[in-house]
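Encoded as C-alpha cells, the following chain is the form predicted on its own, with no partner shown.
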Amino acid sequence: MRAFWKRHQQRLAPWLFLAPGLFMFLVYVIFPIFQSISISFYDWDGLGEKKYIGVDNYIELAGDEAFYTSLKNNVLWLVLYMLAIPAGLFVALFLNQTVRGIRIVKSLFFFPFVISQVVVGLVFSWFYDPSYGLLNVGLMSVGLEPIPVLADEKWVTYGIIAAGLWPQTAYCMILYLTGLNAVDPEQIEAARLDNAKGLKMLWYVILPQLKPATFIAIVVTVIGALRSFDLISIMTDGGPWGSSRVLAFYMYEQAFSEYGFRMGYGAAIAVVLFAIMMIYISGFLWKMYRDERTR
C-alpha cells in the first residue's frame, strides 16, 4: 500500500483534497437536481403520498398565464441584468488608478456587494415611495407627477431590476478590478508606442486580457438574473396582481404558499428554470471553447 501511494502520490493527492468538496457538491447540488426532476412527475403536497401523473404538470404549465408572465419577466431580467457587466467594467477602469484617497472611493463602490439583498430591497422600496421617496421628491421638485413604481404594472419589474443592478454592478467591478491587476503592462506600453489610446487601447489590448473576468461576470450575472427571488419577495411579494413574478418566485408560491403546497408543480417550474439556465450557459461555454480552439 505504501509503495502504491509513493508511485501514484502526485495523481492521487489532488483527488483526496477535492473529495470532500465533490461529495458535498453531489449531495447538495447534483442529487437535488435529479430529485426535483423526479418530483415534477408527481402530484405531491410535500407530506402525504405521492401520486404519479406523468407530464401533467408540464401540460398545465403550457396553459398557465402566470407562468408566461413569470417567464417574460425572467427574460427581461436576463437582458437588462447584462448592463451590470459593462457598468462594472467602466467603474473598475475608473477606480484602477493610483491617486490619493482611491481606496476610500473603492470601498464606497464595494459597499453594495457586501450588504444583504434584504437591505437593498428595503432601501429601494423607500427610494420609490410615492409620498416621500427620494425619486418622487426629485420628480415633484421639477414639476412632474410622482410615479408609484412598485404599484404600477408597467414599471414594477424595471424598478426591481434597477435595485438588483446596484449590487450586481459592484460584483462585476470587483471581478474586473482583479483582472486589471493581471493586465500585462508591457503590452500596454507597446500599444502606446503604436499610438493606441482610448477606445482602441481598451478594445484591442485590455479587453482581450480580461476574458477570464468577463466569462465569470457573464456566468454569475446570468445565474443571478434567472434565480432572482429576494428583491421581489421583499419589495412587492410578486405584486401588483402577480405582474412582478419571476420563475423562482412563482415556484416558491406554488410549492410553499397558500396555493396548496403543490410540490410537483413547483418542481416542474424549477426544472424549466434549470433548463433555461443550462441552455444559456452551455451555449456561452461552447462559444468560449470554440474561440479558444481557433486561436
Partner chain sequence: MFPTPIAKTRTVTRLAYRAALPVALVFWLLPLIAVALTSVRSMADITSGNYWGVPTSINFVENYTAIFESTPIGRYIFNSFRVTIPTVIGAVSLSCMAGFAFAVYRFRLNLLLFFMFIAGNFVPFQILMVPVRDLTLSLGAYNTVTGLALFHIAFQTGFCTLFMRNFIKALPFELIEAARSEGVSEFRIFWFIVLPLMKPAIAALSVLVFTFIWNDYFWALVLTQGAESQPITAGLYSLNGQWLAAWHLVSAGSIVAALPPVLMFFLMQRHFIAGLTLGAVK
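Positions refer to the first chain, counted from 1. For clarity, a rigid core is taken as the largest C-alpha set superposing within 1.5 Å between two forms. Nothing here was measured: the structure is a model prediction, and the numbers come from that model.
Another form exists, predicted in complex with the partner chain; not displayed. Remarks below refer to it.
Three-residue candidate spot 77, 82 and 142; no residue lies within 4.5 angstroms of the partner chain in the model of the complex by any non-hydrogen atom. Residue in contact with the partner chain in the model of the complex (any heavy atom within 4.5 Å), chosen from 225, 156, 71, 174: 174.
Mapping the unseen interface onto this chain, residue 255 counts among the residues with a heavy atom inside 4.5 Å of the partner chain in the model of the complex. Under a 4.5 angstroms non-hydrogen atom cutoff, the partner chain in the model of the complex lacks residue 193 among its neighbouring residues.
Among residues of the shown chain, residue 67 is not one whose heavy atoms approach the partner chain to within 4.5 Å in the model of the complex. In the model of the complex, the partner chain sits beyond 4.5 Å of every heavy atom of residue 41. Looking at 15-33, the residues that come within 4.5 Å of the partner chain in the model of the complex, counting any heavy atom, are 15, 16, 17, 18, 20, 21, 22, 24, 25, 26, 27, 28, 29, 30, 32, 33. The Cα position of residue 63 differs by less than 2 Å between the shown form and the other one after fitting on the rigid core. Here residue 241 does not count as shifted, since its C-alpha moves by less than 2 Å between the shown form and the other one after the core is aligned.
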